[in-house]
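Next up: a single chain in structure tokens, the form predicted alone.
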């Protein structure tokens, strides 16, 4: 499913939530503030947090953790698990945390959030997601690194992008380890899905989409995979126009 990037979409998609030695979302705080706008500048509805990727902690605990972190940046945040999907219309924006992508998609679909959130995003509401939350913006979740601990009704995600992401991307392999590398796994994906590019988003890097402009920012950048072509490394600031 290739689709043209919409000019009203506002997305901030992070590979990871924490850099080595840093606090939660610290490395991206400046980008988050710039993306969401000055806190307290004008009255705004709270951000809606989608905690459904959590597996080893409760949705309440994950939401409390996110609420505290976003409050430090000046933003109010409420948990979607305590509200019905109709609350999507009133949200000031959406935040999807990392965790297990299969759990996130399963709960979003089962609870009726997936279509409603995607609809609001196409109307211009901001969306911030990291790891599993970044995967949710793709056509499908087929390039996640996560174990399928639960079975969603479909692997189709929100389809806001015309390409796939692979967060936490690394080309490194472990010595004396017989498993496939990430590059090999993506090559397998392209055997069966040759029309969908895959952007391997390295740790510390993020994508920002606003006004129809897609930018790679922060960190070491990304690696772009296309079927039948040699992978290409991209640094922050590199053009991503071809991914449309």
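In this text the structure is predicted, and so the values were computed from the model without any measurement. Positions refer to the first chain, counted from 1.
Another form exists, predicted together with another copy of the chain; not displayed. Remarks below refer to it.
Although the partner is absent here, residue 203 lies within 4.5 Å of another copy of the chain in the model of the complex, judged by heavy atoms. Interface residue remark: residue 217 is not counted as part of the site for another copy of the chain in the model of the complex, having no heavy atom within 4.5 Å. Contact annotation: residue 60 falls outside 4.5 Å of another copy of the chain in the model of the complex, judged by heavy atom distances. Contact annotation for residue 180: at least one heavy atom lies within 4.5 Å of another copy of the chain in the model of the complex. Taking the partner from elsewhere, every residue among 56, 172 and 192 has a non-hydrogen atom within 4.5 angstroms of another copy of the chain in the model of the complex.
Out of the listed residues 81, 122, 142, 116, 142 is the one that sits within 4.5 Å of another copy of the chain in the model of the complex by at least one heavy atom. Segments offered: 62 to 70, 24 to 32, 204 to 212, 48 to 56. Contacting another copy of the chain in the model of the complex at heavy atom distances within 4.5 Å is 48 to 56. Residues of 96 to 110 placing a heavy atom within 4.5 Å of another copy of the chain in the model of the complex, in sequence order: 99, 100, 102, 103.
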